Structures are given as C-alpha cells and as structure tokens.
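Below you will find one chain, with nothing else, as structure tokens; this is the form predicted alone, and questions on how it binds or moves follow later.
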Amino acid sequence: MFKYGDLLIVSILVGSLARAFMLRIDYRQFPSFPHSYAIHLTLGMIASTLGALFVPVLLEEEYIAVTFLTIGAQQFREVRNLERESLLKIEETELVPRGSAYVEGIAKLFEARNYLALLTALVTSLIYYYLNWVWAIAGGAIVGYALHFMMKGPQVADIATVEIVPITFKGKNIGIDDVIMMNVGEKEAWERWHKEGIGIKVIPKDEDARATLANLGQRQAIVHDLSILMGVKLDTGMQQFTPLARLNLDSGTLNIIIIPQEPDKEFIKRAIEKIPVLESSERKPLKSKMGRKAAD
C-alpha cells in the first residue's frame, strides 16, 4: 500500500475538504458548537479514507479488505442516530419546535454528506491513478461541488406563492379570511395581535404543492424556520402568542399568523420562500394516473 501513498494523501485531503465545505453553520444551528465540528470533520475524514482506499485495495486484489470497507461505510448510519438524538434533546428547549419530520431530514442530511465525502475521495483516487495529482484535485473538487449541488432540494418558493395579508378579527376569534386560527380571551393579547400580528398566505401552485403544504411536518418546519429567521415575541407560559399555521380546506392555502420581532413584511415573505421543502413531506399525486384524473 505504501506505493499508493501520494494517491491516498491527495484523495483523503480532497474528500475531507469537500466535507468541510458542506459543513456550514446557518440559522438552523446545526452543528452549533466546536465539538460538533470536530465530530463531523473527523467522520468526514474517515469517510474520505474509505473512499481513497477503495482503488488501491482493488488494484492489490485484496478483496477481503473491500468487505471491511463496506462494514466501515455502514457505520455512518449511526451518524443519523447521533444527530436525531441530539436534535430531539434540543427540541425540548425550543419555543417553536422543529417537528419530528424536520429532525429526521437533518439527520439524513448528515449521514448523506459522509457518503458524498467518500465518493469524492474515490473519484479523486481514480483520476489520480489514471492521470496525475493536478487533474485529481480539480476533478475531485468538481465532483464534490456537483454532489453538494445535487443534494439541494426545492424551497417553498418553488411550490407556492407567498403573500402578506391582514389578520381578520371576529370578536375574540382571530384568523385569516374565514379560517379561524385562535380564540384570544385576554384583552392584552387581543390588542397585541391587533397591533403587531402579521398574517401570511402560502398559496400552492398545483395539487402536488397543496398535498405537500397539508403535511403537518412541513407546516411545523415553516413556522419554526420563520420564527428563527424573523424572531417571535413569545416566552414560556404565553401560549396566546404562539405562531400558528392552519389550512384553508377549500383552497389548500396555508395560513400563518405570527407576532415577529422583525416586522419587515418583505423580509418575512423572502424568509418563507427560502424555507426548504422537507423530503419526507413532499407529495406528488400528479405523478400518478389517478392523481392527474382527479386534478382534471
């Protein structure tokens, strides 16, 4: 194996850098602390090592070693459990929870990113073997970026139109249009909603989008991310100020009410448009024959 030393070094380096490139903290706050970075970067390096070893192992006809590589790759499934358990513990401290669907999506994402590092290192080692280190680094970088780009799923803007609308007040009931969202008994809470509350309509573009927005996990993800991005005037024991999302059962429109800390309506609209569509929540009834007939 020592004759493949340069190949292994270049492949592991490119694969590890690809994993580091995909490890960016954002408003969703995962990972959120230096020890989380250390965990994921170390796992990324291990994944890159597995990918880099694959070509030398085959060239040396050490086929038994391939089985160990496969076993090693399977251990990355534990990454999903690690992230799930961590986020579920944090979930208990969230004023506006992510929801189990969002947590599962994040856990899958971190598992998949280790496989992307593995594939990047594997492709890098192949290019290095047949060409040279310059082409290997360039090719590995392109593959890593392409794989990362392919993992980006749709956003709310791709499936729906977002509109800022006034909140409707009917006695102690508040909502949007004819959809009642909440009954507010306290005068102070009613006045706060009347003065600072903002209503939002997320209008589906087709039946696929309507089915997706009807999913409880997707709705909770939208409300959570909106609360993180724009802030929410909410504290423990103040349930009357909790942001809510309810469907208009006739049109499929998702109605949202919130009292944000940042009341800029244009930024609220943009924030919702950039919220990801969860893989587990995405529905496509129009892809089926019966779904198309029903839509017609």
Partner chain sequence: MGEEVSNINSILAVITAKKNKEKVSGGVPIFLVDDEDELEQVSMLLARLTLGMVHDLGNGVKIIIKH
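Treat the numbers as computed from the prediction; the structure is a model and nothing was measured. Numbering follows the first chain given and starts at 1.
Just so it is clear, the following notes concern the form predicted together with the partner chain, a form of the same protein that is not shown.
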query: Proximity to the partner chain in the predicted bound form, single hit among Asp178, Glu78, Glu92, Glu188 (heavy atom within 4.5 Å); finding: Glu188
query: Candidate stretches 197-205, 180-188, 80-88, 98-106, one within 4.5 Å of the partner chain in the predicted bound form by heavy atom; finding: 180-188
query: Residue contact check: Gln239 to the partner chain in the predicted bound form, 4.5 Å heavy atom; finding: yes
query: Partner proximity in the predicted bound form: His148 to the partner chain, non-hydrogen atom cutoff 4.5 Å; finding: no
query: Residues in 196-221 close to the partner chain in the predicted bound form, defined by a heavy atom within 4.5 Å, in order; finding: none
